[in-house]
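Single chain ahead, by itself, as structure tokens, in the form predicted alone.
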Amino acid sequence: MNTLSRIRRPARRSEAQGGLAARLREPTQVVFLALLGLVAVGWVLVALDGGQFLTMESVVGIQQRSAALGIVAIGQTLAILAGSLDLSVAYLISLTSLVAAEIMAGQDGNILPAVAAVLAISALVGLVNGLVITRLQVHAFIATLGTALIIKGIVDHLYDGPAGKVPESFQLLGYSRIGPIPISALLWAGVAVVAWFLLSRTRLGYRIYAVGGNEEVARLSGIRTGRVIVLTHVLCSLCAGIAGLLLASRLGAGAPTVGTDGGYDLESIAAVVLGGTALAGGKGGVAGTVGGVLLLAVLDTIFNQLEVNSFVKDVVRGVVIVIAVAVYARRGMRRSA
């Protein structure tokens, strides 16, 4: 009896260690471990440069800097999980910031109509993207790029520069905070929680994973794959519209280049990929995307405090993204083998 128990104990211990190792290899755990490592490295580098890294000001800055990108990336996660993507979000952000600021016109009473108009325009753009992809069988890359160019043409024709005025009460969304937590960060957290609940606790979430994993199998299983893809694009565009409202509240007006200057199209895809969501769809989640956004925000903070030039910033960010994708790809090959 004692001999048998001695045999079982090492086996159980090895199983537990193997389970822990497997959990640490999961994309979400990997990105947050990388985030902790980056914070440690940043702390050392900034200290060697004679500065302080995680001050109250820098922590608040990280949260504010990541809020708009985080909201867009959550929407992009939904589209990518369904096997699609959206390149129109940057121009949609610019358009919605302008629409919101012009309707508000500095009047508190116009805030709700402006928000409603922004959400309606965003949903319409997402609907168009989804229908072009599913009904006309145009690849998501081309379909959303075409939509982006259409929105760009409209914005360039109607606006030469900043327009409209956001009332001071709405600007609180961009700058106010509760203790060390900005309101914009709470908005991002709310969007993330809603998306997490949608993916993990609803039928639509299960169908998104199914369609992204294998669209043909999902269709044969009775899932209306076209409807799922359309819905994910509507939700993605709604997130872009919310980000446009947030940026308008920060600027105090709408700006025709606020979305493209921020690079929210490619940055959001990069954050999703860093978070471990597969570009082919079907694998990933919101938690990883949150980690990816924070990773980019912390990296930017380190660069700013070290006064690194923009060329080096872009090179390092590109290298980080390529390494992350390579690591995830190698892990996937090992599992399939």
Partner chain sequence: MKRALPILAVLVVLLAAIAVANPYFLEPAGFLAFLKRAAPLVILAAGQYFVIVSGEFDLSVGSLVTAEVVIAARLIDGEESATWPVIALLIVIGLLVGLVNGVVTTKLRVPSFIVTLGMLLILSGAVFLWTGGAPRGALSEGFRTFGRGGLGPIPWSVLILLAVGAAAIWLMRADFGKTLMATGDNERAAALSGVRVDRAKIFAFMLSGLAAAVAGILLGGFAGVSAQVGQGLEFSAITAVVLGGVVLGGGRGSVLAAMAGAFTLEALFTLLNLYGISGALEFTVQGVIIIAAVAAGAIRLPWKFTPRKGDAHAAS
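Positions refer to the first chain, counted from 1. For clarity, every value in this text was computed on a predicted model and none was experimentally measured.
The discussion below concerns the form predicted in complex with the partner chain, not included here.
With the partner chain left out of view, the stretch that reaches within 4.5 Å of it through heavy atoms in the predicted bound form is, among 275-283, 37-45, 64-72, 298-306, 275-283.
Contact check for Arg201: every heavy atom lies farther than 4.5 Å from the partner chain in the predicted bound form. In the predicted bound form, the partner chain sits within 4.5 Å of a heavy atom of Glu215. Although the partner is absent here, Leu136 is a contact residue: one of its heavy atoms lies within 4.5 angstroms of the partner chain in the predicted bound form. Residue contact with the partner chain in the predicted bound form: Asp156 places a heavy atom within 4.5 Å of it. The partner is absent here, but in the predicted bound form a heavy atom of Gly146, alone among Gly252, Pro162, Gly262, Gly146, sits within 4.5 Å of the partner chain.
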